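Here we start with a single chain on its own, the form predicted alone, put down as structure tokens.
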Amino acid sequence: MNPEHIARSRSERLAIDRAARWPVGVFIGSSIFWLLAGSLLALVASIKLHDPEFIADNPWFTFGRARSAHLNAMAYGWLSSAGIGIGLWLLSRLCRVPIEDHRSLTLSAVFWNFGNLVGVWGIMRGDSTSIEWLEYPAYAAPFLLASFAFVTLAAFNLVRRRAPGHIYISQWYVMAGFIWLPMLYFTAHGLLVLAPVQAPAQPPINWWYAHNALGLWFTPIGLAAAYYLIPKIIGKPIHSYYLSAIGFWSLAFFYAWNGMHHLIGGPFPAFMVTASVVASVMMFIPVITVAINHHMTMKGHFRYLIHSPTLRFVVFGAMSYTLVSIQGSTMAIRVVNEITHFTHYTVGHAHLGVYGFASMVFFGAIYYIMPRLLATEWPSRWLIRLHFWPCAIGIAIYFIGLSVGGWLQGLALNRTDAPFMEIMEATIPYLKSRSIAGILMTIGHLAFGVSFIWMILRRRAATSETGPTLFSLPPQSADST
């Protein structure tokens, strides 16, 4: 590559990052606020499971309100805000065109956060809809939908203006997520909140939405980031474009049928439940293709995990995606479901997907994106390590503790001679491990928040000796820009 072409490419990337600075920065910055708020609410809810007297006199912090506020603050405040920012930046970079409507996107970020603020406030004052993943009261939804309309239009505008050339798999995933989420949310909110359908139809719609919010929104953005960042950091193309295409289309086809396996044994048509079970098992196809693609791309380059915190977070998330997806497919099998259903095992599984996969990949992506937006380096390697290790260890304790405790709980619940209170008391040690895990993850989140604020406040340019967000310079390091 000649020097003139290198200079032109660098100038192009700088222009793209400057245009993305405000909209992407506001979405990502606000996501960290919701991450910290959601973490505190999570601790309150977790502690209440083994210590019901904790903040017992305040109705705003009952378990039902704290847990629902936590779930929605993390889903729409942290993950969705971060996902929008990451997705817009990826699209702009891959389309090789700057964001034009950055003012309207910045305004949409304000609307999005106002909707989340109103929604969390509504839940904690007692206005929750009591529909899982849709607990925000009806008056919060218009702000979210209006905001996302701007985001989707901006994404289409980027694709319309894209530079000639190859369409990357990350673009497929980002655009799919930006299309799927408003469709999912508008449909489920309309049928369950605005004009509720008959009661027997509500659980299938609720589970369809809850499952697909993870599989057709957080998963596409997470996989888009992984497909972009892993090759970018190690300086090697993705192993197989054809495998990535198989993974995308099989995800799009099979995941839309998921959710109903959580209603096995319920008063629903057998064909609906069976179709969902089959689709869940067929998810082995996209999961295995993505796992092979990521592993073969990383093969021979695992030493980069020592040097790049971005890669460390992303690879951890990619491995969690494989594990949680395989686990989810096995949980849809009836002989397994009859043990794991209605237990803490399901809670551990859900958190491995939402946190171990999506959140960890988003952390890694933010560590990569922010130095390019602000033209300044993260201020402390120590804070980055303090973020990664407590979070990684915390989610491991969370997942293992609830998986073991939930499995034993399910076996005991299936015994007719086991007193119910004894079964509940036997889960307390595992619930305490959940609180310990939550404290560890909150420590990591606080380190992340401090690091982010410190980065905003100081202005020191990244140097070519380390490259943005590298602990040290790896041998034969990739272009850091």
Partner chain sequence: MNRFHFIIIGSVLTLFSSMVGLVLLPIRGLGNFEAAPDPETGELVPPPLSALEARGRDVYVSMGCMYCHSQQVHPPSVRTDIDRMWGERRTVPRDYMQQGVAQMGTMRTGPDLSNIGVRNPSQDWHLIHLYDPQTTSPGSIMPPYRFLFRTQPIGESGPSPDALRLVDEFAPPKGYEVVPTDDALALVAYLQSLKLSTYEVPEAARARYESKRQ
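Numbering follows the first chain given and starts at 1. Since we're looking at a predicted model, the values are computed, not measured.
There is another form of the same protein, the form predicted together with the partner chain; it is not shown, and what comes next is about it.
At a distance of at most 4.5 angstroms from the partner chain in the predicted complex, all three residues Asp57, Ala176 and Thr343 contribute at least one non-hydrogen atom.
Only one segment in the set 186 to 194, 140 to 148, 319 to 327, 97 to 105 has residues whose heavy atoms sit within 4.5 Å of the partner chain in the predicted complex; it is 186 to 194. Not displayed here, the partner chain is kept clear of Phe399 by more than 4.5 Å at the level of heavy atoms in the predicted complex. The partner chain in the predicted complex comes within 4.5 Å of no heavy atom belonging to Pro220.
Contact check for His349: every heavy atom lies farther than 4.5 Å from the partner chain in the predicted complex.
Though the partner is left out of this view, Ser68 does reach within 4.5 Å of the partner chain in the predicted complex, counting heavy atoms only. Val159 is the sole member of Val159, Met296, Ile393, Val281 with a non-hydrogen atom lying within 4.5 angstroms of the partner chain in the predicted complex.
The listed set Ile333, Ile167, Ile285, Val110 contains one residue whose heavy atoms approach the partner chain in the predicted complex to within 4.5 Å, identified as Ile167. Contact residues in stretch 399 to 425 (any heavy atom within 4.5 Å of the partner chain, taken in the predicted complex) are Gln409, Ala412, Leu413, Asn414, Arg415, Thr416, Ala418, Pro419, Phe420, Met421, Ile423, Met424, Glu425.
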